[in-house]
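First, one chain by itself: the form predicted on its own, in C-alpha cells.
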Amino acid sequence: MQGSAQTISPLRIVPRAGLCDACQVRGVAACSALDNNELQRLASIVTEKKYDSGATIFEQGDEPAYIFNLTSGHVRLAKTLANGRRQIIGFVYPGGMLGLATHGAYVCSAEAIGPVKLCRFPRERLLDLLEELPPLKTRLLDIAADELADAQEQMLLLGRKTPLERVASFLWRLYQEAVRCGQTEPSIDLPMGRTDIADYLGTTIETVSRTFTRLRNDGLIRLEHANKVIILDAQGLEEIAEGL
C-alpha cells in the first residue's frame, strides 16, 4: 500500500466493556447519544487500541475493516496522490471518528501524532448494530455531515483566505475543539509540527512561522513553546479567521 509512515505495532489491545465510564470524551463522542443499556450493547463489539507516535492506524487503499473513535491524542490524515506527492488533508481531535467515509477502501492514511488511544469497531458489526441503535445511526449521520462541512470550509480556506486568515482559522478551530472537549483554559496544544501545519494550510513553513510571530506581536496569542499557544484575544483571532 502507499504511504511513507512506518507501521508500529500497537502497545496492547483490551476489551472496551467496563471502561466507557472513565472515557474523557464520553460527552462529545458518537456514543454520547446512547443511554447506559445501549452503551453496553455498543461496548460488546469494541476493543481499545493504543499506538505509539508515528504509528500508522490504517493505510490509504486498505480494506475498510474498522471504524475508529479517537479517545486520546491527535491523528494526522494524509492522502498520497497519483504522482507520489503526499498531502495532509486533516487532523482528528479527541472525540473524532476515523474511517467513516469509505467506499471499498480507506481514502487516506491515518497516522498517530504522539501517543493515541482509540476505540476500534469492526465495520460490518457496527453497521449491523446501527439498526438496533437508532440514536447512534443519527449521530453518525450528523458526524458525516460535519465532515462534509469541514471539507467545504477547507476548500474555502485554501482557495480564498490569506495566509494570515488560514493560520488564524487553524488556531481558532483547535481552540473550539479544546472547548468542546471541556477545556476551560485559553490554550491550544500543537502536537503537529510546523511542516504539517504548512502542508495542511497550503503554504510554507516560513509563512507559518512569520504568521505566528505576527499574531504574537499583535497581542492575539502567546507562544508558550513550540507546541503550546495561549489565546490572549479570542474575539480578535476569530475575526481574523472569518476575514472581518
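Start at 1 and count along the sequence shown; that's the residue number. A quick note: this is a predicted structure, and the numbers were derived from the prediction, not measured.
There is another form of the same protein, the form predicted in complex with the DNA; it is not shown, and what comes next is about it.
Listed stretches are 131-139, 103-111, 155-163, 76-84; the contact stretch with the DNA in the predicted complex is 155-163, by a heavy atom cutoff of 4.5 Å. Out of the listed residues R194, R180, K50, R41, R194 is the one that sits within 4.5 Å of the DNA in the predicted complex by at least one heavy atom. Residue-level contacts in the predicted complex: of T207, Q176, S187, S32, one residue has a heavy atom within 4.5 Å of the DNA, and it is T207. The shortest heavy atom separation between L223 and the DNA in the predicted complex is within 4.5 Å.
For T213, a non-hydrogen atom is located within 4.5 Å of the DNA in the predicted complex, even though that partner is not displayed. By the criterion of a heavy atom within 4.5 Å, P64 is excluded from the residues contacting the DNA in the predicted complex. Although the partner is absent here, G202 sits close enough that one of its heavy atoms falls within 4.5 Å of the DNA in the predicted complex.
Shown without its partner, the chain has no residue in segment 38-58 with a non-hydrogen atom within 4.5 angstroms of the DNA in the predicted complex.
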